[in-house]
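Next up is one chain by itself, shown in structure tokens, the form predicted alone.
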């Protein structure tokens, strides 16, 4: 029996939009304190929906959830959850709404009851962590896609969560910025689940990788995500393998 603290427990979770097919199909998942889990799967496999169910943004049609060892069912149950779990949305424009970067990053701490001075200190430390110190007065809607992505992450980290749910955090990032993100994640003392299509990125930032397909998390006997390397003299010439 695992003696670590169980943070998120999902038992046979299903979800479907009214009149539609199941988007989640009897999903079972445990996240323990200290876990770093990667989640892969094709578009439409249910990954983002799973995050929204965990945060209470969508209500499951079946199953049972416990978060921080307490059952969660109603909206009031998720208010405290959202103060302890940070969700990075897939689309940065869903997360950013203030005129400037600093105002966006300050909003979360203020909403959690921090004073304006405390919130500004937290926001500035968070921006520095992500190499965004010079972005404080930048106009949010004028940022590039990759810059918006990092600022979105800053708004989540500034809330000082215990757990992160990161939905495609590398979208729009160039290679140096992606490397910076790998470095940042490696230094965070947080548990997280990370959705990405990039296996190499997941291999460097998570301890285990799960595959999702048609609303189900595939277990080891059903799927083996892997890569391999090979080298030969004609590697730069188009060729086929038998």
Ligand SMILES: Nc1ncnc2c1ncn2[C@@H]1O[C@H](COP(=O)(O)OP(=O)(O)O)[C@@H](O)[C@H]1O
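It should be emphasised that the depicted structure is a prediction, and the values quoted were computed from it without experimental measurement. Numbering follows the first chain given and starts at 1.
This next part talks about the form predicted in complex with the named molecule, which is not shown.
Only one of 191, 45, 206, 196 comes within 4.5 Å of the named molecule in the predicted complex through a heavy atom, and that residue is 45. Judged by heavy atoms within 4.5 Å of the named molecule in the predicted complex, the contact stretch among the candidates 182 to 190, 46 to 54, 60 to 68, 25 to 33 is 46 to 54. Residue 98 falls outside the set of residues with a heavy atom inside 4.5 Å of the named molecule in the predicted complex. Shown alone here, residue 90 lies within 4.5 Å of the named molecule in the predicted complex, counting heavy atoms only. Contact annotation: residue 17 falls within 4.5 Å of the named molecule in the predicted complex, judged by heavy atom distances.
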